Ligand code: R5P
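There is one chain below, alone, in structure tokens, taken in the form predicted on its own.
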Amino acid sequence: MKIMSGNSNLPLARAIAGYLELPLTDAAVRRFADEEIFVEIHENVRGEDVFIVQPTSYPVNDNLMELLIGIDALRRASAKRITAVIPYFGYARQDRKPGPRTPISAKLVANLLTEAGADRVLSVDLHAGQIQGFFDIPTDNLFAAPVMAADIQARYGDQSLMVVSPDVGGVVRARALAKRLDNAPLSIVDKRRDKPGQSEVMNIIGDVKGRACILIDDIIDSGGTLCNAAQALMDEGATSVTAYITHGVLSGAAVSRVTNSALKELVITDSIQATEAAQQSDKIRILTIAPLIGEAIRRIADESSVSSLFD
């Protein structure tokens, strides 16, 4: 088994390799003068089970091309099996046609990965679980909920908790977390989204008065929805609002928005390498999912159960 990484999130790749007690495969990912990407593998991978770690976060297109070219390089180097480990799957929010003459870009990316030569895909908290069906190769979708639940129990276990979904679509995710927190009660934020990146909280479904609210979601991008939801919960009498989000995209002024919001704390994972602004913010904390991904990789290599990780 070998672990290879692109440039998207080297710290996470090193942590995964450290968990597995393996060195990262010696490879160079560089660019020509015109920004063409070139990948060169400096050690023998013939007949190896290779896992290439590369979240397709900002800059999405560059990181996606690095992944595709890396997979092609491994295939041409005669690797026995190539698993694309994509902690954050870019384009996942384009999983359906929102209107006429629009693409389903998540399916296009799935096709590209398969055609490049990936034999398997491993991701974390896909925006929509059905994206697994876009692939004609085995796909494992890991959940960050166990890591988050352990952290919530350690920090807020003595408080009266309420798990909150920021929209109706996230109820399944919120219910799964609530079950891990000794069947904590569940609340839902009713919101209206007029256009991408803008939403308005209309109503809070559930009694949050006197409770420490835990907002759970898979992605925070601009942060507007989350900050509006936090303010609405505080207005309804919540004692505090903490957000646990798997993928901290945090584009534009998101970090500033979170810092000045009613949120007590925003907890994200290291599926995406945090920006310097996010690392310096007093309200943002980062949980590592390297052991979770590392253990999943070990089980895939050993041909043992991955789903039992979440029992």
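All residue numbers are counted from 1 along the displayed sequence. Being a predicted model, the structure only gives us computed values, none of them experimental.
What follows is about the form predicted in complex with ribose-5-phosphate, which we do not show.
Although the partner is absent here, Thr225 sits close enough that one of its heavy atoms falls within 4.5 Å of ribose-5-phosphate in the model of the complex. With a 4.5 Å cutoff on heavy atoms, His127 counts as touching ribose-5-phosphate in the model of the complex.
The closest non-hydrogen atom of Arg120 lies beyond 4.5 Å of ribose-5-phosphate in the model of the complex. The closest heavy atom approach of Ala238 to ribose-5-phosphate in the model of the complex falls outside 4.5 Å.
Note on the interface: of 137-145, 150-158, 211-219, 182-190, the segment with non-hydrogen atoms within 4.5 angstroms of ribose-5-phosphate in the model of the complex is 211-219. Taking ribose-5-phosphate as it sits in the model of the complex, the stretch 86-113 comes within 4.5 angstroms of it through a non-hydrogen atom at just one residue, Arg93.
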